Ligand code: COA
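For reference, the chain that follows is the form predicted on its own, supplied as structure tokens.
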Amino acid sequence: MVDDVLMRREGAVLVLTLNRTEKKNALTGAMYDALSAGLAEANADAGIAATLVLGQPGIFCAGNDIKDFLAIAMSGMAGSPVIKFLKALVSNAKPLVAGVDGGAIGIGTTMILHCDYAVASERSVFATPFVDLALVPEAGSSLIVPELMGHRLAFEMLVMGERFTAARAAETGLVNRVVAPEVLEEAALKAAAAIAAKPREAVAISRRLLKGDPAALLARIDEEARLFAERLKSAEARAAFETFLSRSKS
């Protein structure tokens, strides 16, 4: 594990904590690899019954590290750490819980769609500004979000890029519960521990029944990745990224 992703065990729960606070937990290729490795370790360890993903106080994840992501994307999305992580989320065999405090932007929101249970603090904000960068949704979100919220709310989130408050995230099913920031980690860990304490085979079978065949989701991730890569080469995307990077420097 890299230092930007910390791993610890709390009983039968594996806790993965994003730890790049100075960059608002923006994900790099190495962090994607570390998260994938954490999920693989949980799947392979009979002593682990659930995995919990946390950010830092006030920030869950600001999305991709733009410069790192562009380098990855330009060398080919297929087989990249990003796609490997997204497919690891789909194939993950252990219950996955998220504890969100603060901003959850881009992949910070879309990874939550693959969690079985999510707790957010009252100050959390969810946003997917892909279209603002002349890109398209990723992580299978174009399939999951309409099924979760219906077309109009999915359009509002994924195309209009509107920010959802924690309360609205709960109303639309993006998260299960909203708590005060100071008890966020405790509440998320308690939920993960409660899941881990249940009969494991029954949980695994029930979870598979609820999720269904992953083939369509994996295919959608591949389709999104192909379109995402095409969009990155577009004049619209070049202009959007130049504007974004110039704002970041100012």
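Heads up: residue numbers just count along the shown sequence, starting at 1. If you're wondering where the values come from, they're calculated on a predicted model, not measured in any experiment. Only the largest set of C-alpha atoms that superpose within 1.5 Å between the two forms is called the rigid core.
The following text describes the form predicted together with coenzyme A (COA), which does not appear among the structures shown.
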message: I need to confirm a contact call. Of 85, 117, 164, 130, which residue comes within 4.5 Å of coenzyme A (COA) in the predicted complex, counting heavy atoms only?
response: 130
- request: Tell me, out of 54, 196, 225, 62, which residue has a non-hydrogen atom within 4.5 angstroms of coenzyme A (COA) in the predicted complex.
  value: 62
query: Has each of 41, 99 and 207 got a heavy atom lying within 4.5 angstroms of coenzyme A (COA) in the predicted complex?
result: no
- request: Examine residue 140 and determine whether its closest non-hydrogen atom to coenzyme A (COA) in the predicted complex is within 4.5 angstroms.
  value: no
message: When the contact criterion is heavy atoms within 4.5 Å, does residue 37 count as touching coenzyme A (COA) in the predicted complex?
response: no
- request: Although coenzyme A (COA) is absent from this view, report whether residue 105 comes within 4.5 Å of it in the predicted complex, heavy atoms only.
  value: yes
task: Tell me, yes or no, whether residue 22 is in contact with coenzyme A (COA) in the predicted complex, where a contact means a heavy atom of each within 4.5 Å.
output: yes
statement: With a 4.5 Å heavy atom cut-off to coenzyme A (COA) in the predicted complex, the contacting stretch among 118-126, 152-160, 171-179, 105-113 is 105-113
- prompt: Once everything's superposed on the core, is residue 22 shifted 2 Å or more at the Cα between this form and the one not shown?
  reply: no
- prompt: If we fit on the core, is the Cα of residue 12 displaced 2 Å or more between this form and the one not shown?
  reply: no
message: After a rigid core superposition, would you say the CA of residue 240 moves by 2 angstroms or more between this form and the one not shown, or not?
response: yes
